[in-house]
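As a starting point, one isolated chain is supplied in structure tokens, in the form predicted on its own.
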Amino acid sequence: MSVKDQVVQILAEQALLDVSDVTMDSTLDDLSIDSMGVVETIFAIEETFDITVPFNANAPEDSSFDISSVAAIVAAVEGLVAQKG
């Protein structure tokens, strides 16, 4: 399973949606993922990929981890996975 597919699956589970309902253009607001859901999503991503996500839940706008859309999250995770190994 690709990084993209795994991230989409994590987001779908968090949003209680079907994977087919999550598009690359979706925002977390579109998916109705609140701030607590974002934190849980970050933990799930870290656990799934064995990476550390540079994300400050108290100031997400100051984070280098872009959560503006599903595509941005996928790209950020792919970058972290590539750095890891």
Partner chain sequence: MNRVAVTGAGTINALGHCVADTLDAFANGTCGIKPLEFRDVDRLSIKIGGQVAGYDEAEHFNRQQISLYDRFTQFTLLAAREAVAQSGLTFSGDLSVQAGAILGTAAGGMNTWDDNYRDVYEGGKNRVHPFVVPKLMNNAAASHLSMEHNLKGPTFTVSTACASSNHAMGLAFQMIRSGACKAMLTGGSEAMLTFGGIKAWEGLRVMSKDACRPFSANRNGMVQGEGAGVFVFEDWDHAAARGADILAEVVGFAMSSDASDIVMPSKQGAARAIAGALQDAGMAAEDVQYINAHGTGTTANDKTECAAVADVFGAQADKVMMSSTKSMHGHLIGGTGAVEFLACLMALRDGVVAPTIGYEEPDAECALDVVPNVARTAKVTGVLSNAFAFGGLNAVLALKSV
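Remember, predicted model here, so these are calculated numbers, not experimental data. Residue numbers count along the first chain shown, from 1.
Only in words, not in the display: the form predicted together with its partner chain, which the text now covers.
Tell me, yes or no, whether Glu47 is in contact with its partner chain in the predicted bound form, where a contact means a heavy atom of each within 4.5 Å.
Taking the distances in the predicted bound form, the answer for Glu47 is yes, it comes within 4.5 Å of its partner chain.
- Give a yes/no on whether Leu16 approaches its partner chain to within 4.5 Å in the predicted bound form, heavy atoms considered. Contact check for Leu16: yes, within 4.5 Å of its partner chain in the predicted bound form.
Q.
My question is simply whether Asp30 lines the interface with its partner chain in the predicted bound form - judged by any non-hydrogen atom within 4.5 Å.
A. Taking the distances in the predicted bound form, the answer for Asp30 is no, it never comes within 4.5 Å of its partner chain.
Review point. Should Thr52 be counted as a contact of its partner chain in the predicted bound form, where contact means heavy atoms within 4.5 Å?
Key: Judged by the heavy-atom cut-off of 4.5 Å, Thr52 is in contact with its partner chain in the predicted bound form.
query = Are all three residues Met36, Val39 and Phe43 in contact with its partner chain in the predicted bound form, where contact means a non-hydrogen atom within 4.5 Å?
reply = Yes, the whole trio is in contact, each within 4.5 Å by some heavy atom.
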